[in-house]
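In the block that follows, a single chain appears as structure tokens, in the form predicted alone.
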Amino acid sequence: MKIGIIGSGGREHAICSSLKNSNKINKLFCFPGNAGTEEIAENINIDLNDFESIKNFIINKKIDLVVVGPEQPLVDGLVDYLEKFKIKVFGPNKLASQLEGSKIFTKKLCEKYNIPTAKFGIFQNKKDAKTFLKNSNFPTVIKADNLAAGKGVYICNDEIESNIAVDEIFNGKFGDTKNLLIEEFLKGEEMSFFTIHDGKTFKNFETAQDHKRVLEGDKGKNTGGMGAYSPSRLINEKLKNKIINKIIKPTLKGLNHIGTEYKGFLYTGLMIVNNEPYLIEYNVRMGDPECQTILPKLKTSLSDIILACCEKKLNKINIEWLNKKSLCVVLCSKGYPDAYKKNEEIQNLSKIRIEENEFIFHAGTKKKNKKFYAVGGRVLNFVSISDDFSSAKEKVVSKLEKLNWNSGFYRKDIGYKVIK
């Protein structure tokens, strides 16, 4: 069968890499892909906003299944559009994707179905938001309502920082924003909890801990993710049941009540406070770099799981995992998440030897005349799976040091809470 993967990041390279292990698949296409997917799939340079061109290509090439990686096409309704033409597609529809597309949609769902989350206020202009902040306790959390590539969240320690956040959001830093949220700051530890859904049933799809901040010690600006490890050190059976019963099941019930179901990956971003889960946010796809951290541990065929979801037969699949620890470090262009140079050559990349249980997933890369170039802020994902986090980290750092890319940087403390 032929499969198409929508997206160009490390997540999509990891999905391609996992799918190519299936003996049922004879051709992969990646829209638009990167230098890593080019090695294992046919990259198709197509505008992801041009749904008609995507649909025509899928039909012309007789692609059997489409997997949507990033959030923007999901929120824009690509799944609904393709399904109108009887194309089999894995990902949530436009209405269900509002879980990520609008933080206010999700907060109102939480209110209605008693889902534990931080207390919040919704503001439609700078004046009201700043008036509210004059009497707020700090730190406080300020969020753009719309999609912001994982970056539209500010943790503010005082009124000055808060006013800057309000100005940046309403001045259009993350696109046209009509609303922002101000939330109470929950003091605990974050965890990413993943599930996979077929519209009727769902199954757990591992846990991870993501390092979002650009600087070591989890300081500095928010990024799309500087690294991750899996499983989360916080997960236990009791906590897992609380997450499912207090957060995921009520959310699915809420979606059901507004006339839709959920199909695809669901990323539940949590704050764990004294072993109690609070919903921070939903993402309607696999996380990036959590996906790169989780998929190498999957024993069951990813294509079988995804097909089962598309056919509402997920209950018939047993998802098995390697009993291993996984760690990922993201190599970024110097300057990220602010301005950075593009088209910087990544020398030595083809000289790096990849051993068993080691992976390099490309993100912001392109290949030209057999040379690799960085074209994005997050460039490469170095992943290792091992019996313990320490040895996984050692292998990853060893590869990064061998690459020795002068135009990039990475956080040296990824996984510091699980590595003594």
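A quick note: this is a predicted structure, and the numbers were derived from the prediction, not measured. Throughout, we count residues from 1 along the sequence that is shown.
Another form, the form predicted together with ligand AMP, is not on view; read the next lines as being about it.
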Within 4.5 Å of ligand AMP in the predicted bound form, all of K103, E190 and N222 (non-hydrogen atom)
yes
With the partner omitted here, the residue among Y113, F132, F174, F185 that in the predicted bound form has a heavy atom within 4.5 Å of ligand AMP is F185
So which of K240, K312, K212, K126 gets a non-hydrogen atom within 4.5 Å of ligand AMP in the predicted bound form?
K212
Of the candidate stretches 160-168, 196-204, 135-143, 312-320, the one with residues having heavy atoms within 4.5 Å of ligand AMP in the predicted bound form is 135-143
Find out whether any non-hydrogen atom of E281 is located within 4.5 angstroms of ligand AMP in the predicted bound form, and reply yes or no.
yes
Non-hydrogen atom contact V153 with ligand AMP in the predicted bound form at 4.5 angstroms
yes
Touches ligand AMP in the predicted bound form: L234 (any heavy atom, 4.5 Å)
no
Report whether the minimum heavy atom distance between A118 and ligand AMP in the predicted bound form is within 4.5 Å.
yes
